[in-house]
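Heads up, the chain below is alone and in the form predicted alone; it's given as structure tokens.
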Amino acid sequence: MHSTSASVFIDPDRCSACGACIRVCPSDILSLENSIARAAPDTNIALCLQCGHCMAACPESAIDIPALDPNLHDFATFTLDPAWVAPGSGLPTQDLARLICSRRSCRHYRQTPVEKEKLADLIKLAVFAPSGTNSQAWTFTCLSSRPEVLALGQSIKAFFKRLNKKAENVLLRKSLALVGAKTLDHYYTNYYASVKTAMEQMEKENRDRLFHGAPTLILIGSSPGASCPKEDAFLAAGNILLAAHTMGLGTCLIGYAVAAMAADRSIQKELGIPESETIHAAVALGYPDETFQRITGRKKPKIRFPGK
């Protein structure tokens, strides 16, 4: 028998009234009634973020949230230990730091296909990233073959050809800038020349300057309703980049693809992506055909401690 709501099920036979779930609930919808944890009335249950904190904290496994997919813990390419890793225990910081510092953007790939099981596992790991108001409104579109990636590349190249032709029109650029629309002029100043060179190399030298020869691409988008969808997408992408490295895969974020798809929505329509979705990140990936010898540095960051 369960104490029910639209989002949370609590088994009164298992509940020990310890209050652990109440303490961690970010929405304060749980309380003790007659020595049993209960969710707020259905009229207030919309406040539930379905974050799973209560499930994770309950020592008696008395709580279930149907919206959370338990199969996301089942991976095809490795076995997950379900025990929670507490802060400061488990993985040594130096090992995590070595992984973070070793990840590099890959621009040389073998044409070995990436197994769909690995792609599925990467996406499962991606959705364990945090998201604004726990909306978890991600979408993932996988182009799992080189011909699919190349077909998208052709659409993106056609977009930039049209954009470069517009940018070459001095009168158009300056007229738009005079009325405050400086985007085209900014593009011409900062990107036009490099994009033109890249497209010439693609056409004359058969070089893939967009996806760098990657056989696979994951497009991370969002469904309507997320509070900060772009940030959510990049947090999910971060999980993919690090997890892919441990699986022997190289990755590279492709910003030009995202920019083209944002400006020309017909590109995502060609892929069968609903118009209601927006693509925020594109991750090229595959087995790397490059090797590095050591970790290097990064530009020195600006760090502030206001009030110190």
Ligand SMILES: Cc1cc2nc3c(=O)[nH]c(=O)nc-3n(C[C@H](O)[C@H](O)[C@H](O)COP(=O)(O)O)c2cc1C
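In case it trips you up, residue 1 is the first one in the sequence shown, and so on. Nothing here was measured: the structure is a model prediction, and the numbers come from that model.
Omitted from view is the form predicted together with the named molecule, to which the following refers.
message = Can you work out whether Ile279 and the named molecule are in contact in the predicted complex, taking contact to mean some heavy atom pair no more than 4.5 Å apart?
response = Ile279 lies outside the contact set for the named molecule.
Original post:
Applying a 4.5 Å heavy atom distance criterion, does Ile254 contact the named molecule in the predicted complex?
Top reply: Although the named molecule is absent here, Ile254 would touch it in the predicted complex, with heavy atoms inside 4.5 Å.
Report yes if any heavy atom of Ser105 sits within 4.5 Å of a heavy atom of the named molecule in the predicted complex; otherwise report no.
Yes.
Can you tell me whether Phe140 touches the named molecule? I mean in the predicted complex, with a 4.5 angstroms heavy atom cut-off.
Heavy-atom contact with the named molecule at 4.5 Å: absent for Phe140.
Item to check | Among the candidates His212, Arg110, Lys166, His186, the residue which, in the predicted complex, approaches the named molecule to within 4.5 Å (heavy atoms) | outcome: Checking each option against the named molecule in the predicted complex, the one that comes within 4.5 Å is His212.
**Study point:** Listed residue that, although the named molecule is not shown, lies within 4.5 Å of it in the predicted complex (heavy atoms), from Phe128, Phe234, Phe75, Tyr191
**Key:** The option sitting close enough to the partner is Phe234.
*Picking from 30-38, 246-254, 264-272, 47-55, which part of the chain touches the named molecule in the predicted complex when contact means heavy atoms within 4.5 Å?*
That would be stretch 246-254.
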